[in-house]
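Only one chain is shown below, in structure tokens, and it's the form predicted alone.
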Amino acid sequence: MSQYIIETENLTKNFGRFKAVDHINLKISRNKIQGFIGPNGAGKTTTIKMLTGAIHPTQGHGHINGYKMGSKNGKALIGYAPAESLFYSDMTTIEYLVYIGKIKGLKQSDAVNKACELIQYFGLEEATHRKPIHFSSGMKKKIIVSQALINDPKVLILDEPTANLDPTARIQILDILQKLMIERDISIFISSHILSELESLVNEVTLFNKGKIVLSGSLNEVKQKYSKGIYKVRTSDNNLFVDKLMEHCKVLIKKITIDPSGDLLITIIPKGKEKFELIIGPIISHYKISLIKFIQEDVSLDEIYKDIYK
């Protein structure tokens, strides 16, 4: 079995002369949360529509857990929660979820049982016989995610799941997604512009621009690649430590400054990380210096995004 729940090869979509998605090779790992990032018009929504079978590719193909993308079996493995919450004006929560369940092939009794289970899971008991069209944005979003789970999918695709929500509703949705990841055998694929939220949630990221994948990998790998090479260091004798650093590995160091707390901020040259970290140990050991703090400064998704798209 492949480590990827979704794989595409040269997936392409043209609208007339406009190439919305351009020969992408997308890989989504099993039981991971992947963030899908890019500016408006980058091709994210078109890609999602091809994955869900809503539109057909112009060229290329893809598989979902081994089944052809867009096939009946492939579509049955996907739950999709769109960015906008649209409901029928005369349907209650339970009626809506049962209706979606039956559309997805469940028997009436199974759809009712599953709908009741999801209502309880999302804490919507008081809304069971009320009409979602009148609900708050946060409650509507919970129901939209619920309907995406009605058929027990292997892949949950979410388009802007926290857009237009207040802080409380955002936290609730993010908590639910993390809970789903832990409790269910499911892979989650999230398209979002709120990078700070994605960073706290995802295991992997794919960055899109002008119909192409410009960066993809685990969040840790991506952060390492775009690391600024800045270390925050404190020792028992900072002056001696700096002297010996400059004596033994000056070629690796671009800059040393001191932050307001008194910590050293050491910026190293690109690709100097491994050599720099290997040298630290012998220096503090030989000169009997105590290492109190040694942290590589983290780079945020926002910073990576700016680096790539500027």
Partner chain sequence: MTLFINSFQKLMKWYFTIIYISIMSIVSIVLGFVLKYEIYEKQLSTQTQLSSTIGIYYILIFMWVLGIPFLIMMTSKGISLLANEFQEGTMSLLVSTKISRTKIVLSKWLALYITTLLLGTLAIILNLSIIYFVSGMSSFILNQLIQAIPNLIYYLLFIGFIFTTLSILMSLLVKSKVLASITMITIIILIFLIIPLFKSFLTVYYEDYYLYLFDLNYQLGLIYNYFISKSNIELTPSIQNILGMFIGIFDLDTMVDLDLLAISDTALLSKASVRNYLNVRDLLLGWSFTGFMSLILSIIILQKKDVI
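Just so we're clear, the structure is a prediction, and the values are computed from it rather than from any experiment. Positions refer to the first chain, counted from 1. Between two forms, the rigid core is the largest collection of C-alphas that superpose within 1.5 Å.
One more form of this protein, predicted in complex with the partner chain, exists but is not displayed; see below.
The candidate stretches are 162-170, 215-223, 80-88, 195-203, and the one lying within 4.5 Å of the partner chain in the predicted complex by heavy atoms is 80-88.
The partner chain in the predicted complex is not approached by H63, whose heavy atoms all lie more than 4.5 angstroms from it. Though the partner is left out of this view, K72 does reach within 4.5 Å of the partner chain in the predicted complex, counting heavy atoms only. The partner chain in the predicted complex is not approached by Y287, whose heavy atoms all lie more than 4.5 angstroms from it.
The closest non-hydrogen atom of H56 lies within 4.5 Å of the partner chain in the predicted complex. Contact with the partner chain in the predicted complex, defined as a heavy atom within 4.5 Å, holds for exactly one of T93, S191, S187, Q147, namely Q147. Exactly one listed residue, out of K49, K244, K32, K27, brings a non-hydrogen atom to within 4.5 Å of the partner chain in the predicted complex: K49. Taking a 4.5 Å heavy atom cutoff to the partner chain in the predicted complex, none of the residues in 193-213 make contact. K232 shows a C-alpha shift below 2 Å between this form and the one not shown [criterion: core-superposed Cα displacement of 2 Å]. L180 is not among the residues whose C-alpha shifts by 2 Å or more between this form and the one not shown once the rigid core is aligned; its shift stays under 2 Å.
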